[in-house]
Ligand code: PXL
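Read the single chain below, which is given as C-alpha cells and is the form predicted on its own.
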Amino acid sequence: MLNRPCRTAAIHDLSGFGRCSLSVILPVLSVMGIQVVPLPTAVLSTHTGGFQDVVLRDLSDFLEPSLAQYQKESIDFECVYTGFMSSESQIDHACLFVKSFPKALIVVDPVMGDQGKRYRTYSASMCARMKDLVRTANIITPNVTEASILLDEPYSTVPWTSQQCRTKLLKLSELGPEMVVITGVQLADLTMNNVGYDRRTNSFWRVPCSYVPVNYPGTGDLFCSILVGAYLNGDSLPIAMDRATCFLEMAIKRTFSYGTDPRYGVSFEPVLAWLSEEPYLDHYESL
C-alpha cells in the first residue's frame, strides 16, 4: 500500500488561456487526490482553437532529460497519461517514457482531430506514430473522429447501431488497450453517449449524456482526467465513465447558460468540489 498519493506523469501541452490540457488536468486530478507531475510538451499563450497570433514554445527537448532525472532520483509513477503531441519526436519521447515505467497504468488520449477532420498539425505519418503509442496503452479515450483515424475507417455522421459500436470498440482494443472509451457517440436511438469496453470482463458500457449545441475546447481533457482519477481511486470503468460524464454535463450546462465565448472553455471551477464528493452514480448501462 502506498504511503503517498498516486502519482501521475502528465505528458501534455500547457495552454495558458482557454481551459484545456494541463491547465485543467492539474486541478482536476489534484482535487481527486492524485499527485500530478506535469511534463509540458509545449507552452502556448492560448489554445489554438480560434485565437490569433498564439505564442508557442516547443519543449520537445525537455522530456528525455526529465525522464533521465526521474530515473536517477528513483521517482516512480503509478500512471503515465499522454495527450496532444505537436511532433513525431514528442510521440517517440512519450513511448520511451511509457517503456520506462512498465508497472504504471498507461492512459493515452489520442488527440488527433474532431468533427471528421485531422488537426492541421497532424500528418498521416504522425497519426501512424500515434497508433504506436496507443498500442502501449491500458486505456485509450478517442472521440469519434479519432476512433475512425485509428481504425483507418471513413468518418461518418450517421448514428451507430449498438452492434457497430461494439465492433469498433473491439477493433480498437485489438490494437492493444485493455479498456477503450469513445466519447461523443450518437447511437441509432438518437441519444448522445460515451461508450466503453473492458476486455478483462468482456463488457460493453454506455453512459447517455445531454447534447448542448456548442463545442468547447478542453472537454476531452476534462473527461479523460476525471476517468483517470476515478480509476486510480478504485472505480470500475463504467463508474469512472459515469463520474466523468456527470461532471462534464454540470460544467457544460452551467457554461452554456451564461452564453460565454466558447473559446474561453468550460467554466468547471465552480463545480470542481463535486469531484471530492461520493455521489451515487447509476447512469451507466450495458451496451
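None of these values were measured; they are calculated from a predicted model. Residue numbers here begin at 1 and follow the sequence given.
Keep in mind the form predicted in complex with this ligand is missing from the figure; the text below concerns it.
In the predicted bound form, at least one heavy atom of Cys20 sits within 4.5 Å of this ligand. Shown alone here, Leu44 lies within 4.5 Å of this ligand in the predicted bound form, counting heavy atoms only. Looking at Tyr119, you'd find a heavy atom of it within 4.5 angstroms of this ligand in the predicted bound form.
When this ligand is considered in the predicted bound form, Pro27 lies well away from it, no heavy atom lying within 4.5 Å.
Between the options Gly49, Pro38, Pro262, Gly33, the residue in contact with this ligand in the predicted bound form by a heavy atom within 4.5 angstroms is Gly49. Think of it this way: in the predicted bound form, this ligand has a heavy atom of just one of Val111, Ala137, Cys165, Ile149 within 4.5 Å, and the residue is Val111. Segments offered: 57 to 65, 243 to 251, 217 to 225, 230 to 238. Contacting this ligand in the predicted bound form at heavy atom distances within 4.5 Å is 217 to 225. Residue Phe84 is the only member of 72 to 87 with a non-hydrogen atom no more than 4.5 angstroms from this ligand in the predicted bound form.
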